[in-house]
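The chain below stands alone and is given as structure tokens, in the form predicted alone.
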Amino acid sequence: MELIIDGKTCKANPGDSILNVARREGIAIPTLCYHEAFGGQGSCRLCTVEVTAGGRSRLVASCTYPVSEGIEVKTSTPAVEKIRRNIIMMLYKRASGSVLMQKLYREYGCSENSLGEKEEERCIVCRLCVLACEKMGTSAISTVMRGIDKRVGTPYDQAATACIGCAACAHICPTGAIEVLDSGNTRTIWNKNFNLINCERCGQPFATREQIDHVSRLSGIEDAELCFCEECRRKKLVGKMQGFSPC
């Protein structure tokens, strides 16, 4: 099927979202809570665009809105920019300690208002970290509380038994809200300390024992094959490829 985005005719597949198509076509739409691994959540709605279909126009979250034949999409209109500016302002007020939110607040030219700022907070509660933890099969963190007090945490803010210290939550966080402290062979995250194991090739600490055991258990791969850091795994693979001689 075909649709038009910012005047450009684009091809789309059934099930595509507007954001999927726009990214394939190199058309920029800002996002915060979107990640390719999880698809659209429609949570932050920064990806709002204007869609016209059947003579009617409306504003939708492009990460969740499925394309249909002949729709016309505008990624930047006065109404769209106003909504994005308001979203950025609200998220900045919630997470004023985030460098990313400070940057976006300035770039979008948000107006000053009397809403209070949380200068120590960096989390916008986009839930990407929760999804990453679920994807790892651990679900050690979740959203807790409600309304303006809603946040991400471990059960009762205690060191979660289920946490394996992989730090996938911190790596995926767009605002740098989750602290991971690696000191020597110790990693501290979510009020829990882990011993880091060293890469068998370069000797650098890179993962927790709990993480290696968890991945080995889920994947069936032997521990010995997992005891290399990402860079050394890449070099090892390149070495194998160089030694590969196709028939």
Partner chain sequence: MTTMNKSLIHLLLVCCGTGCVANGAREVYQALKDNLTSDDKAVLAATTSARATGCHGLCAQGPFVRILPEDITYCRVKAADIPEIVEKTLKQGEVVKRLLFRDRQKKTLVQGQNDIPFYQRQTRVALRNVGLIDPSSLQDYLERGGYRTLEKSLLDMRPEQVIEEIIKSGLRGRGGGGFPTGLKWKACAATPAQPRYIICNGDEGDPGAFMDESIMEGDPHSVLEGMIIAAYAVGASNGFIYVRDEYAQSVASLRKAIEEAENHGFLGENILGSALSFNIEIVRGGGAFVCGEETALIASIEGNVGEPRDKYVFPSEKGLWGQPTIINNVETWANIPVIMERGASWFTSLGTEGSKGTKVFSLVGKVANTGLVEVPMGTTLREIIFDIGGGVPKGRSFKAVQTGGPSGGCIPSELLDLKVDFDSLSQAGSMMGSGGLIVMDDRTCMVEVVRYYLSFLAGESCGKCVPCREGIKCLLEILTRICHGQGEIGDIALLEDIAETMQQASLCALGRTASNPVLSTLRYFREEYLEHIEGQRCPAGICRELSEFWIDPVICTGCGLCLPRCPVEGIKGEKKQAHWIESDKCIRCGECIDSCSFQAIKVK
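Positions refer to the first chain, counted from 1. Bear in mind that the values here come from a model prediction, so they are computed numbers and not experimental data. Each form is matched to the other, and the largest set of C-alpha atoms that superpose within 1.5 Å is called the rigid core.
One more form of this protein, predicted together with the partner chain, exists but is not displayed; see below.
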Just one of 45, 192, 35, 214 has a heavy atom within 4.5 Å of the partner chain in the model of the complex. Which one?
-> 45
Only one of 60, 196, 178, 199 has a non-hydrogen atom within 4.5 angstroms of the partner chain in the model of the complex; which is it?
-> 60
Contact segment among 161 to 169, 91 to 99, 132 to 140, 69 to 77, judged by heavy atoms lying within 4.5 Å of the partner chain in the model of the complex | 91 to 99
May I ask whether 82, 124 and 147 all come within 4.5 angstroms of the partner chain in the model of the complex, judged by heavy atoms?
-> yes
Check whether residue 31 has any heavy atom within 4.5 Å of a heavy atom of the partner chain in the model of the complex, and answer yes or no.
-> no
Spell out, yes or no, whether the shortest heavy atom distance between residue 87 and the partner chain in the model of the complex is within 4.5 Å.
-> yes
Taking the partner chain in the model of the complex, which residues along 216 to 232 bring a heavy atom to within 4.5 Å of it?
-> none
Displaced residue check between this form and the one not shown: residue 147, CA, 2 Å or over, core reference | yes
